[in-house]
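Take a look at this single chain, the form predicted alone, given in structure tokens.
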């Protein structure tokens, strides 16, 4: 299993998911309850009452406090117990952890680690998700696999040719060599694949109206451990215009060993007022995501059945994924 890197920011939810209903998520094996205060501020607390470990997510939100549904221990937004049943004295140790949160670009980011070390300026950006002139479709799928397998999947797009043929994959994706760049200081891995003359897959032909072959650029930026950006640019072959820009975003958040949250989004700067294009991309990309979900669930089960000592084989197209693995291992080792 890929080791967890603590002292890092992770996406725990889309901003629209967090409201006045208590919501449970698990990040790096830590159960967390999310909600918004009456003035709209997002709050994240450990999802276990200090008394008998009852899930606070199965409890009640009263004003801005969470009242445990088992024995009534009541917690404020900082995780401090402010009331206990049957007595006026509150034990000094009656508190649960409160986690730093940052809301930006439509995501809610959570800091898993020492709150004193949480640097909000270190949160990587995906500004296109909420920028004027862009339209975004999005979703989230849990996958029953090691989160490193999802990183591998996204860093090596040659699988589009085979797993996503007829959707986003064409022969040129697997046939075109990649270039890889590692910025260890910034914690970023970049992988590029530039196709000068490629078949136009249905994902683009139906959303852009291009009839014919295309110039297709795929430029990946992976900000370890959580944020993945694929800057996609296409135009008719041999032409600089019209240029269609698509930003594909993934937030890769480990839930617990063997489980990962796959937050996905597709943003575009063309046909922004065309509701049919928006609906098509939402449904089409969800199908693509579910193809990955099925494949990664199968892969995890296969790996779990492997005998000890299995030797993995890697080739040139794995350079980006292997660099990402090394970066994740370095973060976890800190």
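Numbering follows the first chain given and starts at 1. Note that the structure is predicted; figures quoted are calculated from it, not measured.
The same protein has a further form, the form predicted in complex with a further copy of the same chain, not shown here; the description that follows concerns it.
Asker: Taking 69, 299 and 310 as the candidate spot, are all three within 4.5 angstroms of a further copy of the same chain in the predicted complex by heavy atoms?
Answerer: Every residue of the candidate spot has a heavy atom within 4.5 Å of a further copy of the same chain in the predicted complex.
Asker: Would you please decide whether residue 215 lies within 4.5 angstroms of a further copy of the same chain in the predicted complex, comparing each non-hydrogen atom pair?
Answerer: Looking in the predicted complex, residue contacts with a further copy of the same chain do not include residue 215, since no heavy atom lies within 4.5 Å.
Asker: Taking heavy atoms and a 4.5 Å cut-off, does residue 162 contact a further copy of the same chain in the predicted complex?
Answerer: Because a heavy atom of residue 162 falls inside 4.5 Å of a further copy of the same chain in the predicted complex, the answer is yes.
Asker: Flag residue 41 as yes or no: does it have a non-hydrogen atom within 4.5 angstroms of any non-hydrogen atom of a further copy of the same chain in the predicted complex?
Answerer: Because no heavy atom of residue 41 falls inside 4.5 Å of a further copy of the same chain in the predicted complex, the answer is no.
Asker: Quick one: is residue 234 in contact with a further copy of the same chain in the predicted complex, heavy atoms, 4.5 Å cut-off?
Answerer: Contact check for residue 234: no, nothing within 4.5 Å of a further copy of the same chain in the predicted complex.
Asker: For the chain shown here without its partner, which stretch in 150-158, 104-112, 182-190, 131-139 has non-hydrogen atoms within 4.5 angstroms of a further copy of the same chain in the predicted complex?
Answerer: So the stretch in question is 150-158.
Asker: Please tell me which of 198, 84, 123, 230 lies within 4.5 Å of a further copy of the same chain in the predicted complex, judged by heavy atoms.
Answerer: For this set of options, the contacting one is 84.
Asker: If the cut-off is 4.5 angstroms on heavy atoms, which of these, 58, 64, 276, 269, is the one near a further copy of the same chain in the predicted complex?
Answerer: Looking at 58, 64, 276, 269 one by one, just 58 meets the 4.5 Å heavy-atom criterion.
Asker: Though the partner is not shown here, which residues of 309-334 have a heavy atom within 4.5 Å of a further copy of the same chain in the predicted complex?
Answerer: 310, 311, 312, 313, 314, 315, 316, 317, 318, 322, 325, in sequence order.
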